[in-house]
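One chain follows as structure tokens, the form predicted on its own.
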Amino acid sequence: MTERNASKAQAITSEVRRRIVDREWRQGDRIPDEAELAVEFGVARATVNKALQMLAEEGLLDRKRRAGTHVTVNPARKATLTIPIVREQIEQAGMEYSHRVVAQRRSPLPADVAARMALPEGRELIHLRTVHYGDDKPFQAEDRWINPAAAPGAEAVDFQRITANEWLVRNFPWLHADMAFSAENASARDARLLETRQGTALLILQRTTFNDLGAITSVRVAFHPGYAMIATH
């Protein structure tokens, strides 16, 4: 896919996310087919296919041959989930990738994260906040907890050099994952990290992965509302 078409695919991806967040397309709804969307966006059908496939890999859409594409219903457990490497997503869209580790420390688990990870509240894990950028613009912000007991070696990794997202995907296959999407208004922290206004509607992904040693990581990903809205004229 050319850089121009990759940018168009990202723009379509962003617009489809917006329609889902704003509930123009609700859980279980069948969305327009590729041919209709290609006409709407003025692109080739292959570009639409690429955009919808990216969202399917994230678990936001459910695509089945002959049945069409539907907005996923309650994607709390998706055994076929593919966790994308954010750097590759951004580079495939023709943008230059960078990231910034905002904070990294050992911190006691708060109750809500402990429940998601099935670990005792107060246990100390690695707590990371990272922003991913495409062409120096915020792409997504993640608030991540890493369990060294299930991801040995995590404490020795330089996450300024390689992101936790990429290191974990490449080194720790998971057996199952809990995942949920929601729409939230940007908090003051979200707004600061994503360079948007507080209160802006954001698509939020909560995902926790497990292996035979327990919870590997739990992450909250906030997607920038306009990061992929690239002009196509």
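Nothing here was measured: the structure is a model prediction, and the numbers come from that model. Definition used throughout: the rigid core is the maximal C-alpha set that superposes within 1.5 Å between two forms. So that there is no doubt, residue numbering starts at 1 and follows the sequence shown.
Absent from the display: the form predicted together with the DNA. The rest refers to it.
Engineer: Of the residues 27, 182, 187, 49, which one places a heavy atom within 4.5 Å of the DNA in the predicted complex?
Structural biologist: By the 4.5 Å criterion, the partner-contacting residue is 49.
Engineer: 222, 9, 216, 16: which sits within 4.5 Å of the DNA in the predicted complex by any heavy atom?
Structural biologist: Looking at the other structure, the residue within range turns out to be 9.
Engineer: Sort through 29 to 37, 202 to 210, 188 to 196, 161 to 169 and report the only stretch with a non-hydrogen atom within 4.5 Å of the DNA in the predicted complex.
Structural biologist: Contact criterion met by 29 to 37 only.
Engineer: Determine whether any heavy atom of residue 63 comes within 4.5 Å of a heavy atom of the DNA in the predicted complex, and answer yes or no.
Structural biologist: Yes, residue 63 is a contact residue.
Engineer: Does any heavy atom of residue 42 come within 4.5 Å of a heavy atom of the DNA in the predicted complex?
Structural biologist: Yes.
Engineer: Quick one: core overlaid, is residue 12 moving 2 Å or more at the Cα between the shown form and the other one?
Structural biologist: Shift of 2 Å or more: yes.
Engineer: Using a superposition on the rigid core, decide whether the Cα position of residue 34 changes by 2 angstroms or more between the shown form and the other one.
Structural biologist: Yes, residue 34 moves 2 Å or more.
Engineer: Just checking, between the shown form and the other one and with the core aligned, does residue 62 shift 2 Å or more at the CA?
Structural biologist: Indeed, residue 62 is displaced by 2 Å or more.
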